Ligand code: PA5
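Starting off, we have a lone chain in the form predicted on its own, written out as structure tokens.
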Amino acid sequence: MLRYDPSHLFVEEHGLSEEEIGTTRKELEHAITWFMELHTSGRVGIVDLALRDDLLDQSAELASELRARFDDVVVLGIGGSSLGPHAIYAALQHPYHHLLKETDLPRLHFPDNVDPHTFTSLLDVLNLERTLFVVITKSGGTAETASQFMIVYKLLEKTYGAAAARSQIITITDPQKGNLRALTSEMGWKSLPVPEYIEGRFSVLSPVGLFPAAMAGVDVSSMIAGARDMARQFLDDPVSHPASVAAQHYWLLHTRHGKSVHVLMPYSDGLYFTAQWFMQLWGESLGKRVDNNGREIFTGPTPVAVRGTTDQHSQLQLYIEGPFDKVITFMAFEKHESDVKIPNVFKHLDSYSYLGGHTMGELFDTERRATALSLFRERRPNATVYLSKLDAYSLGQVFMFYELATAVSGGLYHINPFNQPGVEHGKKLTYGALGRPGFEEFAGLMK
């Protein structure tokens, strides 16, 4: 199982103490009770996603039916509709899959923006006749996704006809409502549901993440098994669960020790997009203006995603000698599955000779441990999340760990981590400026 090591959070003056953890246990218990009431009432379904098989089966079966027909899969989505499946693909697929000459698995692409240069450049290099487009939006009307989809649909229809436009599109959206659901029924597109009780940033273990992953050959059953084991461990003993412990630690560091910047630093290229996924999850869930009683509190830590060892050379100076406003969490493996030995060459040069005979994995891990210890010695709190290895089972645990930590943190902050009211006004301004019916009152505000 995933292992959370908080030992370097207990630093003099700027870190945690056992006393404050003990005195806030009741607050942790109340936060867990609050979340469990949402869970048992069916209003929040992040645990349920890991405990049910129907969405897994639907996603895997549809992927099995379609996989051989396509060379490329383009995920049209933004935010949680793209970050989740992208995190899975980056972690579990060959890092240079797009360059492999012999593979039966389609390549996945995530144009998660509306930069016209990037989007049109992708369409230029694809064999459109062998490309599947997966349209993912819970609401069914996300402007960025809708614009991409409209361009793709017209291009397919114009180039290959209505039948191609029907057979090369999959939609993943709300099961009952929204314009994309209505359009899916009208056009006869194959479709998968985003459960009603799941917000986009918590949707990675739904068809949002499962179907693209299954198209890429990921063992999605194993990923759900990892998440399920993590969820069942929580249900058995939520107070002692590592996600709850981590939530209490980070909440205390933020609210009592001024650690408002929460850095996630995986020592794995494959997990970097998981850190990007975490940024949305943590920031959008916990950054809130009002608490659950409507009182203005303007709270929330700022999440940052960096990568070891790369960002040792860009950010570490700031972390070690800059403001005492950060807590760093490393992600590492108990053991590297693949490694390469550094040869004994250039023995006459001291800056090279000491590396000979070691492995690249040994260097990688030694640099992580040295960074953690250096931070600790400078009274900079840091923790480490250990995975047994980088596989589907462990990644499922990571997703569930951070989703549970986010939910419990919401209870500790006394805010709703499952909404995002702060982004709605910008959407309304955009709708009004572009002439969407029903948003006329916002039309002139952008002038």
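Residues carry their position along the shown sequence, with the first being 1. What you are looking at is a predicted structure, and each value in this text was computed from that prediction instead of being measured.
Another form exists, predicted in complex with 5-phosphoarabinonic acid; not displayed. Remarks below refer to it.
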| property | result |
| --- | --- |
| Listed range touching 5-phosphoarabinonic acid, judged in the predicted bound form by heavy atoms within 4.5 Å, from 256-264, 134-142, 347-355, 315-323 | 134-142 |
| Among the candidates Pro301, Gly79, Gly308, Gly226, the residue which, in the predicted bound form, approaches 5-phosphoarabinonic acid to within 4.5 Å (heavy atoms) | Gly79 |
| Sole residue of Thr184, Ser221, Gln233, Gln280 within 4.5 Å of 5-phosphoarabinonic acid in the predicted bound form, by heavy atom | Gln280 |
| Contact flag, Glu199 vs 5-phosphoarabinonic acid in the predicted bound form, heavy atom cut 4.5 Å | yes |
| Heavy atom of Gln420 within 4.5 Å of 5-phosphoarabinonic acid in the predicted bound form | yes |
